[in-house]
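The data below hold one chain only, encoded as structure tokens and taken in the form predicted on its own.
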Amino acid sequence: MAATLDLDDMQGLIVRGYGGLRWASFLMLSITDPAGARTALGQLTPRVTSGRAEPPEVAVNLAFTSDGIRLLGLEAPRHEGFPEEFLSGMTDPNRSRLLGDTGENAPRYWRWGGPATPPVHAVALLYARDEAGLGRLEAEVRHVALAAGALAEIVRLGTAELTEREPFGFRDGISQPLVEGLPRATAARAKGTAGDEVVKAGEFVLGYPNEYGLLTDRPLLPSPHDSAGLLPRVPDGTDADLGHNGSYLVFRQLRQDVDAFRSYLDEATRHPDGTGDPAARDALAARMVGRWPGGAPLVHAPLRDDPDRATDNDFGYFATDRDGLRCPLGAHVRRANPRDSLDPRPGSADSVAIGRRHRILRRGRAYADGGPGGEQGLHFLCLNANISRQFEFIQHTWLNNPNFNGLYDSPDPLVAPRSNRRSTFTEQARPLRTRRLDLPQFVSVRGGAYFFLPGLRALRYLCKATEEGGQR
């Protein structure tokens, strides 16, 4: 039986990606005066959008880094149940190696969130139906949050108008998990179209059972630290539940070198006489991604794009294409979501169940700075209840792994770093495979941070003035 989710206490970004609000910006904030910041954020809290209903015009969500939460009054967060990856942050040297944030991706080169840039303590996520509305929302939020000087705006990250395509030209957002207990999952199950995409809410929202049937570790506080009773209590009543209805937000700014991607495809598919081969170029791009630009998956449309399969998400790999003859074993979508390819017993329900423990809710938005010819990329945002088991596992064990699926020297052909320039993409075929050597790096990291996206009761708690001993 699905858990009943408290949508009034969840921030709306967990429930929906605000697809009707086509303009967005993200304001990275630094706390300069903790007491004043609590007051300013407390005034902003009534504007924060819950998960109850689709907002028609604008939406506001707030999230905090580990240092931001400490400055808001949790002086000893290591003892409050936050996970180590959140406390140490994305730029911890061990995490940088795990994520592939080395070489040109190293945090010292980042535009924000790195050691050479001002500290980020909070992010205001702003969404609006049109560009003018976004401008008015930004002005309102700045007036409320920044006027007193207790918070400073570090950087504004704008986005391009939301479309179905990401900057490389591929339809995006097709394969999203359905969160058990939310209306889309309930409707899909009623129609019989849910397939294997329904995932326990506890994989994304703290305080609910996850795919192990357990509650993911979450921050709890001794009850005396919440004398006002702002937070829900755990079932035995001993602790106040700061994590309930919250989630962890992974935010990475990823530059996409569109010109390099297109140039590589052109050069790799030229005829012997030097002329271009657009059909071969598009086919190679599709094999690197695992879907055609229109969205059709190669396992169902191996030879050409098929508009009728633009949103096809009902497939596995083991029975249809276990050897990668349709969709290469190292293709991007096959790594990001291996479906029924995982041990033990690929092709079985057990294999699919393992995959459900490594899903993320993606909420990214594309950006384009500087007009035509300027930088393009993706503000990658995802939500998960366990950063280590979900986002970091996908990044390290599947996308960046040069030995994924029995391959050799073959990290993700689209998004993985090329730290040693030895990156190969293999197209399985009979009688002979094709190996493409020395792929350039197409995606690089420009900034990033881990945030805690609290429930609304927890948000009001964090913004309340502290008393002696850290009590509120």
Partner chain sequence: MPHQSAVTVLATVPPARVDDVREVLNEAGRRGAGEVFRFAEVAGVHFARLLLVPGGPDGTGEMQPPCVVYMSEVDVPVAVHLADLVRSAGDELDKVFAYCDGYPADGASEGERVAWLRSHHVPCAAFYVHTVGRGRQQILNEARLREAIEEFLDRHRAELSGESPARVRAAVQEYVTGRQDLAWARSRPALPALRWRIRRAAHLVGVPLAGLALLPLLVIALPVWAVLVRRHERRDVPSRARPGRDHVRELASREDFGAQNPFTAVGAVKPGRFRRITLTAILFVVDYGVRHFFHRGNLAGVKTIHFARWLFIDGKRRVIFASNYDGSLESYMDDFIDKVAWGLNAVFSNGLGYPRTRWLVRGGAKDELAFKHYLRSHQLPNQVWYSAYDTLTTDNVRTNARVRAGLFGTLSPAGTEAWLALL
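Residue numbers count along the first chain shown, from 1. This structure is a prediction, so every number in the text was calculated from the model and none was measured.
What follows is about the form predicted together with its partner chain, which we do not show.
Contact check for 83, 388 and 406 against its partner chain in the predicted complex, heavy atom at 4.5 Å: Yes, each of 83, 388 and 406 comes within 4.5 Å of its partner chain in the predicted complex.
Residue among 239, 92, 153, 257 with a heavy atom within 4.5 Å of its partner chain in the predicted complex: If I apply the 4.5 Å criterion carefully, the residue I get is 92.
Option touching its partner chain, based on a heavy atom within 4.5 Å in the predicted complex, out of 395, 216, 159, 384: Contact check passes for 216.
Partner contact for residue 142 in the predicted complex: its partner chain, 4.5 angstroms, heavy atom: Residue 142 lies outside the contact set for its partner chain.
Partner contact for residue 376 in the predicted complex: its partner chain, 4.5 angstroms, heavy atom: Contact check for residue 376: no, nothing within 4.5 Å of its partner chain in the predicted complex.
4.5 Å heavy atom contact, residue 97 and its partner chain in the predicted complex: So residue 97 counts as contacting its partner chain.
Partner contact for residue 357 in the predicted complex: its partner chain, 4.5 angstroms, heavy atom: Yes, residue 357 is a contact residue.
Which of 176 to 184, 343 to 351, 230 to 238, 359 to 367 lines the interface with its partner chain in the predicted complex (heavy atom within 4.5 Å): Within 4.5 Å of the partner lies stretch 343 to 351.
In the predicted complex, residues of 432 to 446 near its partner chain [heavy atom within 4.5 Å]: Contacts from 432 to 446: 432, 433, 434, 435, 437.
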